[in-house]
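Encoded as structure tokens, the following chain is the form predicted alone, with no partner shown.
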């Protein structure tokens, strides 16, 4: 590890202790940020952890903005900072409040479930929120015959294969550009090369990838599968930050990317230097807030989401510098 990286990590560990800061990092962050985080996980795990901020005086959220917004709603007494305020999720851009209102008029009385990858404004129009790790359980928890769902069409396809509830897309073009990079030919080629491997795909991948994978699940589910499986070789279809984490945690196993170019440019906007700046200067422009009129309803449906059976607690990560 470069000495400058090690110095920055040590500085962050010192400053976060002084500031009583809780650092949360998504699985897609660079490995150097994952190493200094208090918790690393998927969006469901991090949402749960952000609600457990007693004893901390600030939260630093290394993820895209919609995730930090959830933390701000669930932990209103603790300011939430994002290292780079321009780290946005392109998938969230597919859905706005007006699109949801239009769909609700088209299907009156049908409940709306939005993926967490949405803006606070879009969430304010929803009846429920889900993550990739809880989508099926959330849909079934409502006890209805059909739901309006968005914005990710590939995740909607995943839910359709696991429930009899009718899924009505809000926007059939909605997708994660990173997970849409995966092509079935990539999986077929790698499975031929590594016949004993276990192929794992994120539910944001195209349905043809999901159908041929051995397991489909959120990044949290991927971590659990690799940890608990006796297999030694895994082909993974998700963002590269997750693969770096898995390889680091399991040096005795081989983690093969389905496509090495699967990198989220937004997630990678965060750096150790930007985290140091937040801890040293507490820049007001890095504080994440949600418009007050939206907060009560979003908090209510986030808390409901967190009560739906999910994939267990976030993984504690000890700093390794």
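Positions refer to the first chain, counted from 1. Small disclaimer: the values here were computed from a predicted structure and weren't measured.
Note that the form predicted together with 1,3-dihydroxyacetonephosphate (13P) isn't included here; everything after this is about it.
Undergrad: Heavy atoms within 4.5 Å of 1,3-dihydroxyacetonephosphate (13P) in the predicted bound form: which of the stretches 250-258, 276-284, 35-43, 291-299 has them?
TA: Answer to the contact question: 35-43.
Undergrad: Only one of 210, 218, 154, 245 comes within 4.5 Å of 1,3-dihydroxyacetonephosphate (13P) in the predicted bound form by heavy atoms, so just point that one out.
TA: Here the answer is residue option 218.
Undergrad: Closest heavy atom of residue 270 to 1,3-dihydroxyacetonephosphate (13P) in the predicted bound form, within 4.5 Å or not?
TA: Close contact is absent here: in the predicted bound form, residue 270 is far from 1,3-dihydroxyacetonephosphate (13P), nothing within 4.5 Å, heavy atoms only.
Undergrad: Report whether the minimum heavy atom distance between residue 202 and 1,3-dihydroxyacetonephosphate (13P) in the predicted bound form is within 4.5 Å.
TA: It does: once 1,3-dihydroxyacetonephosphate (13P) is placed as it appears in the predicted bound form, residue 202 has a heavy atom within 4.5 Å of it.
Undergrad: Given that 1,3-dihydroxyacetonephosphate (13P) is not shown alongside this chain, does residue 61 nevertheless sit within 4.5 Å of it in the predicted bound form, heavy atom to heavy atom?
TA: Residue-level check for residue 61: no, no contact with 1,3-dihydroxyacetonephosphate (13P).
Undergrad: Is residue 67 a contact residue for 1,3-dihydroxyacetonephosphate (13P) in the predicted bound form, using a 4.5 Å heavy atom cut-off?
TA: Because a heavy atom of residue 67 falls inside 4.5 Å of 1,3-dihydroxyacetonephosphate (13P) in the predicted bound form, the answer is yes.
Undergrad: Using a 4.5 Å heavy atom cutoff, which residues in 17-34 contact 1,3-dihydroxyacetonephosphate (13P) in the predicted bound form? It's fine if the answer is none.
TA: Read in sequence order, the residues that approach 1,3-dihydroxyacetonephosphate (13P) (within 4.5 Å, in the predicted bound form) are 26, 28.
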